[in-house]
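To begin, one chain is listed below as structure tokens, in the form predicted alone.
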Amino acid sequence: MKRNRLLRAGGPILATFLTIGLAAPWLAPYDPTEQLDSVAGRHLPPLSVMAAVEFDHGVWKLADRVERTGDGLLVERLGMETRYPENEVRNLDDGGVRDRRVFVLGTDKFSRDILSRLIHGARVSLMIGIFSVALATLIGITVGALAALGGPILDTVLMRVVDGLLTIPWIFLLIALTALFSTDTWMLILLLGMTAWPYISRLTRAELLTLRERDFVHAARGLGASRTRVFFRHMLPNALTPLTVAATLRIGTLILFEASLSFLGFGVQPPQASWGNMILDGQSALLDAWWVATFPAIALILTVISINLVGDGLRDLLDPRTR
């Protein structure tokens, strides 16, 4: 990795986002679905600091300024001042109220904290990308191995099916499938994984057809090794290098597909946060509240670029012809 500039560039960025995603429940400052005060907290700019006043029955209001008075609390919010008696405020202290809300990246139209949603969105987007690619790789290796080693008839049938699937535009197929099924996170992983395997299956078939004629495979068969042992011991491990690179690059593609589906309203459904539906929330307020869509878009771009850099770096690292 020290000698590989691509891995040095993309590895730390990707590792940072993976760490953020894994530790999201502990890193997020607030609940990503919390709508504390949808009136005073709507589209607050980054670095906003508001006092949080708790009233009876669990009602919260955000205030620009609070001041403790002799008989209660003076609250300034929405350009108006209101006095509340002591018995109506549950979090009084000597300086006003005990609670503050610091919105580092601002809030959206429902007063939800952008930073918390961004952190939890990293968890959702990366989980969907990684697990869907793992499923697609498993299916692709199975189909590709059957096509390469199962005889000419099975090869022809499977590859014609793969060719037919590759002609279908992915985004329209996914929109149709997500419209038919309820799209929670695991269903989205299943749908993406079930539609992303044809490319991997063709790559697997091509690698195995090449390896099947190599001298070390013929030598293993000559020594009496079974077909199963030859496949798992000699052919599959040698085919994993290009498959690993292809799968890594596919993660970025599927993250973009998930973001596109969520942006169109067919992916991760609110109030659960994903980068795609966060960009959708900010689409209508790009001029007034640019931060709502800008920060998840930056996170999405950095993640996909880092994944592509890592994939290219792995290709250079694992391919002996580049050494």
Partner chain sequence: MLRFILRRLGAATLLLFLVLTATFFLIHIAPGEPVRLFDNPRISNEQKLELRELYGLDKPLGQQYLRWLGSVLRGDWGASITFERPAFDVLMERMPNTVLLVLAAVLVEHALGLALGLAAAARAGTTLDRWIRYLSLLLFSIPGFWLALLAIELLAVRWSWFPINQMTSEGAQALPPLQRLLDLLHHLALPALILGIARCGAVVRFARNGLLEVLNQDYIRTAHAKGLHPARVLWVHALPNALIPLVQRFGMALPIMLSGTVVIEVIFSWPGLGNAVFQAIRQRDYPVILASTALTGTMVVLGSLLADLLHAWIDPRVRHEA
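Numbering follows the first chain given and starts at 1. The structure displayed is predicted, hence computed values, not measured ones.
Omitted from view is the form predicted together with its partner chain, to which the following refers.
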| property | result |
| --- | --- |
| Residue stretch of 161 to 169, 214 to 222, 138 to 146, 118 to 126 approaching its partner chain in the predicted bound form, non-hydrogen atom distance within 4.5 Å | 161 to 169 |
| Contact residue in the predicted bound form, chosen from M50, L44, V53, A259 - any heavy atom within 4.5 Å of its partner chain | A259 |
| Triple contact flag A23, R205 and E207 to its partner chain in the predicted bound form, non-hydrogen atom at 4.5 angstroms | no |
| L177: touches its partner chain in the predicted bound form, heavy atom cutoff 4.5 angstroms | yes |
| Its partner chain contact in the predicted bound form: L309, any heavy atom under 4.5 Å | yes |
| 4.5 Å heavy atom contact, A293 and its partner chain in the predicted bound form | yes |
| 4.5 angstroms heavy atom contact with its partner chain in the predicted bound form for A63 | no |
| Stretch 268 to 302 - residues with a heavy atom within 4.5 Å of its partner chain in the predicted bound form | I279, Q283, L286, L287, A293, T294, A297, L300, I301 |
